[in-house]
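The chain below stands alone and is given in structure tokens; this is the form predicted on its own.
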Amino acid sequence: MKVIAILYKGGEAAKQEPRLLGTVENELGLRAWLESQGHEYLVSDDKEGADSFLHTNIVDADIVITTPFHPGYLTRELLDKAKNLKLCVTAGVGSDHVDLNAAAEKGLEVMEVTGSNVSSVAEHVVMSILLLVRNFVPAHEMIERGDWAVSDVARNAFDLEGKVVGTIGAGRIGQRVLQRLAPFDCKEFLYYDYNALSPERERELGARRVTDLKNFVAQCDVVTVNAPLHDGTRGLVDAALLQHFKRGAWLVNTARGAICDAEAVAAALKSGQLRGYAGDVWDVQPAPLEHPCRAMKNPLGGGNGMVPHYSGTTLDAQSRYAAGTKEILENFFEGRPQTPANVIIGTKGYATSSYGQR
């Protein structure tokens, strides 16, 4: 079979560090194995435009592998051209870069390595919450430029203890975030999700469900977004919803950039409605230089905790999602059942409730 993969360029770092498996240079560690099985394996980072590697090679590809970190967008129009395509694999978690409705209609299977980076992302969420609440970035920048004015940073630094923290989405990542925050003695944990947790799980997490989103954000000092991108979450955090946040709340988004309206977030930060916004996901990746989330600030010159999309691609996570990708391919080639949690679109259509209510 012809297998193609869209990965990100690792450059010199990938040559020096072979554990950067999710790069063009290290190819998820799959080349020797795939070629020993008689398959053709083509890898590139070139994904945009009619003449790109992705658009020209998907026409006769049997399998396409993509990642959330440098997504190859598999639109309906592109899938229409892929006459031989049978399987789309996400090396990582989150398959919103695939037109899932089109894939289901065409009988394409869509898999992802569920759970491969949930701990990695949950740790990044906790780090992001702390750096915002403690006003870390302006304090570090002060040291770099040789200044020392404690009051300038302390005036916007707080404790996480005693704060209300809420997660939009209470799946694998959202639950792990709340677990990891338990030692900080927060006042309360809230969650907003169309899938209710069991009463036993709510007690274990110490979490209370709020079913109205406006009411939910109005109660939170910190809101963290841990939901997949689908029709029900795209643009969910917009200018109208931001007006219902507590003034001076913090917002963290490591889920998908398009869940939050970037222009609205930047405006809310500038006005002080938000005290801070952090995350690693962008509505366009790589983000253009003029993207509003690159340089936005709150009225005191802080509040920006944005980084490139890397929370789920630590070296530990890359090892897990590379191994998971190989397992999915092995099962596919040998006709074995896939791990149910990895199946987004199966032979009978949607196999998950994670991408919206149906």
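Residues carry their position along the shown sequence, with the first being 1. Note that the coordinates shown come from a computational prediction; the quantities given were computed from them, not determined experimentally.
Not pictured, yet referred to below: the form predicted in complex with a small molecule.
D280 is the sole member of D221, E109, D99, D280 with a non-hydrogen atom within 4.5 Å of the small molecule in the model of the complex. Scanning P71, G276, P228, G166 against the small molecule in the model of the complex with a 4.5 Å heavy atom cut-off leaves one residue, P228. Contact with the small molecule in the model of the complex, defined as a heavy atom within 4.5 Å, is made by all three of R256, G312 and S354. Partner contacts here mean any heavy atom within 4.5 Å of the small molecule in the model of the complex, and among 186-194, 129-137, 238-246, 147-155 they occur only in 186-194.
Taking the partner from the other structure, the small molecule in the model of the complex has no heavy atom within 4.5 Å of any heavy atom of P286. In the model of the complex, at least one heavy atom of G232 sits within 4.5 Å of a heavy atom of the small molecule. Contact between L251 and the small molecule in the model of the complex is not found at the 4.5 Å heavy atom cutoff. When contacts are judged by a 4.5 Å heavy atom cut-off, R172 counts as touching the small molecule in the model of the complex.
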